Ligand SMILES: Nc1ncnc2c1ncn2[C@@H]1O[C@H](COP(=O)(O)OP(=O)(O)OP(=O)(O)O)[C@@H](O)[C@H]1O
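This document opens with one chain alone, in C-alpha cells, the form predicted on its own.
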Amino acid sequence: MQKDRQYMLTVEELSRLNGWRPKEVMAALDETELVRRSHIQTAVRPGMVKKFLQENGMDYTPRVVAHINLKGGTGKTTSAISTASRAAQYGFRTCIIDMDSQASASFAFGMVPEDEDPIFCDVWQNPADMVMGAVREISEYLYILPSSLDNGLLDMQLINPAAQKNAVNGVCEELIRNGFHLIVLDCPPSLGTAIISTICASDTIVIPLGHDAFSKKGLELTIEEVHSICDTFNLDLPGIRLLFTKFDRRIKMARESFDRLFARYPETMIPFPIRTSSEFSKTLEKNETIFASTRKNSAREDYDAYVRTLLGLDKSFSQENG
C-alpha cells in the first residue's frame, strides 16, 4: 500500500548509521522486507529495520515522550509528529496521543475523528477495552489516537487526583501491552489536567522553545510545574530535554539566546537547534511530515539528528562499534 511506503528508511540511510556500504546492508537484510522505490533507491520495512538495529545494539525498551510548553507557538506539534514519523522509520512501533483539543496533530495527518469516533476522553477510563479500537493507522509502525474539541472536557473528567495521576499512564500502559515501543504525546499550551496527567506518565518531557521572551517564560513555568506535579504525586522526575526550534542564524537574538540556554542547561539542551524551513508547511499541506520524502533539506536533517539523540541511536552504535 502507498501509505506503507511513505514512512520507510532507505538502505542508504541505514548504512550511514553504522558505516556499512549499502550493498553490505542489503546482504544482511531479508529481501522480502525491501521495497524498490526507484532504480537507485530501496526502502526497508520498519520491522526489518528494528531487527537490524537491535542486532547492532539499539534499545527498543518502551518509552513515553511528551512535548510540552505552557506557551503556544513553540513547535510542539511539529516536533511531536516529526519525532513519531522518524521513530517509526527506525523500527519503533509508535503511537501519537493527541491531547490538544485543537487537534493539530490529528489535522496534520488527515486523521480528524468523526463524531462517533472515540478519542482520549472516551477511552481513558476503560483502556483495556477501548484503546486499540480508537487508535488509527497512519502508516506501517505509525499510529495516532486522534483528538477533537471534546478533549476539552478532560478538565471536568479528571477532577479526582487519582484520575489525574493514572489517566494517561493507563492508556500508555495499554499501548505498550499491545506492542508499542514509543508513545509520543502532543499537549495543549496550558496547565490543565491533561498536562498534569501527561507529566505523571512521561519518561521524557521535551520542551520546544524559541528565542522570544514568552517562549523562555513558558520554559521556566513548565519546569516548575513538572517538579511541583512530581512532588505532589511522589513520582520520580522524568528526563527533561530542551529543543530550540524555529532557529534563524541570521537573527542575532536567536544565536545569542541559543548560546545562553545551552550554557545554562548544558545537560538538558539538545546541542543543536531546529532551523526554520518552508518544508514544514509544504508537507503539512499534503497531510505528511518531512519524513514522508527522502528529499534532503535542513528540516529533515535537523529533526533526524534530534530523534537520533532522543532515542539514543548514535550512542547505541558508538558503543557497539567502539
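This is a predicted model, so every value here is computed, not measured. Residue positions are given as counts along the sequence shown, with the first one as 1.
There is also a form predicted together with the named molecule; it is not shown, and the following applies to it.
Of the listed positions (83, 164, 94, 77), a single one reaches within 4.5 angstroms of the named molecule by any non-hydrogen atom in the model of the complex, namely 77. In terms of contact with the named molecule in the model of the complex, the residue from 277, 257, 268, 56 that brings a heavy atom within 4.5 Å is 277. Mapping the unseen interface onto this chain, residue 241 falls outside it, with no heavy atom inside 4.5 Å of the named molecule in the model of the complex. Although the partner is absent here, residue 122 sits far enough away that none of its heavy atoms falls within 4.5 Å of the named molecule in the model of the complex. Contact check for residue 73: a heavy atom falls within 4.5 Å of the named molecule in the model of the complex. In the model of the complex, residue 189 approaches the named molecule with a heavy atom inside 4.5 Å. Residue heavy atoms within 4.5 Å of the named molecule in the model of the complex occur in exactly one stretch of 288-296, 56-64, 249-257, 268-276, and that stretch is 268-276.
In the model of the complex, 100, 102 are the residues of 89-114 with at least one heavy atom within 4.5 Å of the named molecule, listed from first to last.
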